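This document opens with one chain alone, in structure tokens, the form predicted on its own.
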Amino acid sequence: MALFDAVLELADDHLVLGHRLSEWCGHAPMLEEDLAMPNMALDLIGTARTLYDYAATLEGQGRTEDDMAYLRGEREYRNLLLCERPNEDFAQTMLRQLYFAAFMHPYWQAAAGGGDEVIRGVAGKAVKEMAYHIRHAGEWVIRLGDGTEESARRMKDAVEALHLYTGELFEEGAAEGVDALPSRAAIKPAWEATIDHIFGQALLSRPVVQYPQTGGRRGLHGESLGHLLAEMQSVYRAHPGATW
């Protein structure tokens, strides 16, 4: 079922990126960020929970949101490669979040007018959250890009490391032809406008990528996702079905 597959892709994106952001808890460069980043992670994981629950309902095989998150292997995950990229440093984390949020904000805006009640409900909340993520991550991209020699170098390195993964944002994947969800390709002009506006203030240039890195939608991931899932799923797999 195409809608099930498309919802699962969105859920995987949000869960994996949310887990990546949560890894900064207790390690952020300043106290404010030690609060802000876990809260952004909770935004993403909250969206993932609703989407997994909806996917389980669409599938109709008795699985729960926890089963969807914790009992699938890395080849069964359909998240964007961008979402699973390791944090590396603060510059890469903020740029990764900007790239994702700059796409998801207009995506959820478009989805809010669709014909699916659950998707509309998710979109209504997520639009506000993604607007904040753009503002927060964008301010850091500008601050670092137009900062010291060291911060500017790190931000330029982040662009070089991550921009080649952004092309996958616009691949239709399982959502192609699903009326309840907007066209991903149609979001590209809005995404480019946001990135160009922020990059202009950050003294950065948006690269032209001839050979983008893709494969996440087909379950082709790097080893970093395997490490992430091993950590994230360990408790649930050790105690399946446990509740408290």
Partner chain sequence: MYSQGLIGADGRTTESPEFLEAFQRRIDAEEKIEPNDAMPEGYRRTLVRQIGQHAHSEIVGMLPEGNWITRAPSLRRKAALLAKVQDEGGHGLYLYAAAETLGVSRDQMTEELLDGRAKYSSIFNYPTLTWADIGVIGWLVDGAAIMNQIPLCRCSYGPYARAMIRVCKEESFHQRQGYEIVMTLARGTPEQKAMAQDALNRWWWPSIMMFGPHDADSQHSDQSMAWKIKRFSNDELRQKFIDATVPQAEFIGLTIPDPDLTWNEAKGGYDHGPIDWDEFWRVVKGHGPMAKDRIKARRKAWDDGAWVREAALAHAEKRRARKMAAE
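The structure displayed is predicted, hence computed values, not measured ones. Positions refer to the first chain, counted from 1.
Separately, the form predicted together with its partner chain exists; it is not shown, and the next lines address it.
Student: Is D146 near its partner chain? Define near as a heavy atom within 4.5 Å, in the model of the complex.
Tutor: Contact check for D146: yes, within 4.5 Å of its partner chain in the model of the complex.
Student: At the 4.5 Å heavy atom threshold, is E150 in contact with its partner chain in the model of the complex?
Tutor: Yes, E150 sits close enough to its partner chain in the model of the complex that at least one of its heavy atoms falls within 4.5 Å.
Student: Counting only non-hydrogen atoms and a 4.5 angstroms cut-off, does H19 reach its partner chain in the model of the complex?
Tutor: Looking in the model of the complex, residue contacts with its partner chain include H19, since a heavy atom lies within 4.5 Å.
Student: Given that its partner chain is not shown alongside this chain, does E32 nevertheless sit within 4.5 Å of it in the model of the complex, heavy atom to heavy atom?
Tutor: E32: contacts its partner chain in the model of the complex.
Student: Between the options G60, P207, G177, G26, which residue brings a heavy atom to within 4.5 Å of its partner chain in the model of the complex?
Tutor: Exactly one listed residue reaches within 4.5 Å, namely G26.
Student: If contact means any heavy atom within 4.5 Å, which of 178 to 186, 46 to 54, 211 to 219, 191 to 199 contacts its partner chain in the model of the complex?
Tutor: Of the options, only 46 to 54 has residues within 4.5 Å of the partner.
Student: What residues, if any, in 81 to 106 have a non-hydrogen atom within 4.5 angstroms of its partner chain in the model of the complex?
Tutor: Counting only heavy atoms within 4.5 Å of its partner chain in the model of the complex, the contacting residues of 81 to 106 are D89, F90, A91.
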